[in-house]
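Okay, so here's just one chain, in structure tokens, the form predicted on its own.
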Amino acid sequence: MRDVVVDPAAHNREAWDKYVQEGNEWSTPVSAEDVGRARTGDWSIVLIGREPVDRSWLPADLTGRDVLCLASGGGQQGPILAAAGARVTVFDNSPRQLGQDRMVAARDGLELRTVLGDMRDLSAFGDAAFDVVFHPVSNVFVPDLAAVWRECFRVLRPGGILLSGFLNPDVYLFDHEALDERGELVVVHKLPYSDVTHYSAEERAAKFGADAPLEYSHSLTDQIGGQLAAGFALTGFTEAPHQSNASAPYMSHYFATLAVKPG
């Protein structure tokens, strides 16, 4: 019988705080040079993998636009968008991830707000508060998505846009150790997958490390269908391979959607 983690948000908050201390790739802030270029209009940000997001997915002019970087701490996307002229709020579950954004803002003289919380609960914000929600690959860390999409829809203004990146659920079919250590594609899991339901605490510690974040696969019905059910209209879709995973030659690891709140 598998153990049950009562509060995955609390567990993952501690896990990501530790990632920041360890210098995780997605916790490494942008440079002052990157911010300087963004101020002149020369900028890019990542939504999936390591590929810059298509600039046509974002407003041509970000000046004065209210942007919510959802579960997007780490001092990366938020500071660049702020330097490009947007009024940015970075919302994240990890205090240390948010600290990276505050560090860049202080270092480079940016106006940027940070708010701590679970992506499923955006009650800190009123209705129709934002023009853009930028949500990179992060909903893998929560067990349910319907509330995420409902809240995104609520806080966007009519005509507002949601850019969302997420994992291909098929990634979770494979054995972690065989894939990472030997480059072998060994199917061992049924979908939907979660670290909690597939492994005991002892097994998770042995495979991923005791302090690793908990991850959950989500079906395309929950990812794409969930956005549609919340009221969004999808206007863009793209995909990308993993930068180093052994299964990269065979499948796309990442998907991204562009969705609009009608109005």
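Sequential numbering from 1, following the sequence displayed. Every value quoted in this text rests on a predicted model; they were computed, and no experiment measured them.
Absent from the display: the form predicted in complex with a small molecule. The rest refers to it.
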query	finding
Heavy atom of each of 71, 117 and 137 within 4.5 Å of the small molecule in the predicted complex	yes
Position in contact with the small molecule when the complex is considered in the predicted complex, options 112, 161, 142, 167, heavy atoms within 4.5 Å	142
Contact residue in the predicted complex, chosen from 208, 26, 199, 57 - any heavy atom within 4.5 Å of the small molecule	26
Contact test in the predicted complex: residue 97 vs the small molecule, heavy atoms, 4.5 Å	yes
Interface segment, criterion being heavy atoms within 4.5 Å of the small molecule in the predicted complex, picked from 104-112, 80-88, 171-179, 117-125	117-125
